[in-house]
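Here we start with a single chain on its own, the form predicted alone, put down as structure tokens.
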Amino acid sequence: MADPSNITADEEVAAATGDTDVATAAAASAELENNKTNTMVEEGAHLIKKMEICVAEAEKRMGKNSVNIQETYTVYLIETRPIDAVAEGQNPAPDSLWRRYSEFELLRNYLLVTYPFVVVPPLPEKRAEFVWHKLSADNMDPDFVERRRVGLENFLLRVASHSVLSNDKIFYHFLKEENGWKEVVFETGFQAKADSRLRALNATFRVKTPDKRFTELKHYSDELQSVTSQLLRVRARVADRLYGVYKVHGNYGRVFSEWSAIEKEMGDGLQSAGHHMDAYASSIDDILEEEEHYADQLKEYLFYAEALRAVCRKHELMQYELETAVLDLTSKKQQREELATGTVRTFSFKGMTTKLFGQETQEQREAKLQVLEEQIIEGEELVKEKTVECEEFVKNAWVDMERFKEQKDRDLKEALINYAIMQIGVCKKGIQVWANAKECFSKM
């Protein structure tokens, strides 16, 4: 990709006026477009301040997958619009494109690899979990698809409001370029940089001096996931019971209505009370739908726990590579000392062969010393590089960790307060229903 800073004024004019041949004009046009992209991404700390972003709707489609099998899948419409135009009183039509859930996953995987020190926002669940019985666990269910649409929009807004992630050009391409986006991602080579789970697991068990802060962070993420999942399970059980209690009021309504048919003086009062009970019973659907909104906010932080652990695993891997480099350098220096003095401090195969076949010649020793000196210099450079890399990672990770903690405290506090307010309102409505029923009974 051409560097937009290399475009000259003459080339820009030539591309605009058509004085150059088609190929040159096309190249200049591409460079100008890239320049606009860079300007859009780099101005300001957050993309959210420059662009309105929303996932407007979801749509089911039919198509063939990679193995040529017909399948049904869902696509989501992403709409973007520059905030400057809206602020100036204009109302331009938004740019729009469709993305599948798998493309959101690809974007997030790219961000995880490219910014290992960042707590990358999680995606909404791919399949429904912790649901009450009336809500379908089918990932094609319209209610679930709608909730996932909201979650995907929240993911994009989280990334767009992050001071580091929002400046990534691949993220901008995801929002603006419908065709060729995947090719641009794969051209970055991020997959080659991705560490295998085996390496990460190996690092976890073999790091000799783990950073206590990251160890504590890993324990915290485990506890956060455990507590949040327990809370969601309790909430799902309570929702099931509450649903049953509310629907029983529908039986009250039916009985009161039937009873009113055989009573002359009490008939009107019984029928009115029955109507109140029916309305109360039907209100549970809206109540639990609203509860799902707060449950989804908790689920986001359930999945954030895995993002925290991903940062810890990256640090463990870097720490392991640093310790391996230090160990290798120490070994090389010891070999140099043994060659220089002619003494072997520890049992080794080399020491045994020396005793069996005699000492090496002076020329052989000098050649090996020369090789070792070169390896030691390379090892020292590697240790220095890994040390700086690790220190830089820790510095950046804890800056982002402070940002995440502030966001988490703010979001969870707001969600729990709003949930409490909602439950208080629900209880007040229940009291009002029975107060109305009491009034009906009093008038009989």
Partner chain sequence: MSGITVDPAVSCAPAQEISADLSGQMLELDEDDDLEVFSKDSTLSDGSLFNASMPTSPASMVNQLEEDVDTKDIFITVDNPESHVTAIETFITYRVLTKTTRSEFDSCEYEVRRRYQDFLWLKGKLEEAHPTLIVHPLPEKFVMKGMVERFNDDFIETRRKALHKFLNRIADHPILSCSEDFKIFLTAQAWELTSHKKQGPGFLSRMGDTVRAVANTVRGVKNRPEEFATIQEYVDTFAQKITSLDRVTQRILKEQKEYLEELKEYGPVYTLWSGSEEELVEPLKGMAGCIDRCCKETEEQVNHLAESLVPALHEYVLCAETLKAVLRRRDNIQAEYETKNETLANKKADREADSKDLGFILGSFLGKNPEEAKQQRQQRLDVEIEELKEEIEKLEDKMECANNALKVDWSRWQRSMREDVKTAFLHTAEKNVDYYEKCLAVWESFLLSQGSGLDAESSREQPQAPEEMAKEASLQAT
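Positions refer to the first chain, counted from 1. Note that the coordinates shown come from a computational prediction; the quantities given were computed from them, not determined experimentally.
As for the form predicted in complex with its partner chain, it is not shown, yet the points below apply to it.
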Could you spot which one of Ala279, Val145, Val164, Val113 gets a heavy atom to within 4.5 Å of its partner chain in the model of the complex?
-> Ala279
Note which of Val248, Ala85, Ala192, Ala367 lies within 4.5 Å of its partner chain in the model of the complex, where distance is taken over heavy atoms; exactly one does.
-> Val248
Contact label in the model of the complex: Leu231 to its partner chain, heavy atom within 4.5 Å | yes
Would you please decide whether Leu412 lies within 4.5 angstroms of its partner chain in the model of the complex, comparing each non-hydrogen atom pair?
-> yes
Is Phe393 a contact residue for its partner chain in the model of the complex, using a 4.5 Å heavy atom cut-off?
-> no
4.5 Å heavy atom contact, Glu265 and its partner chain in the model of the complex | yes
For the chain seen here without its partner, which of 116-124, 102-110, 290-298, 306-314 has a heavy atom within 4.5 Å of its partner chain in the model of the complex?
-> 290-298
Would its partner chain in the model of the complex be within 4.5 angstroms of a non-hydrogen atom of every residue among Val227, Ala435 and Ser442?
-> yes
Within 4.5 Å of its partner chain in the model of the complex: residues from 407-428 (heavy atom criterion) = Lys408, Asp409, Leu412, Lys413, Leu416, Ile417, Tyr419, Ala420, Ile421, Gln423, Ile424, Val426, Cys427, Lys428
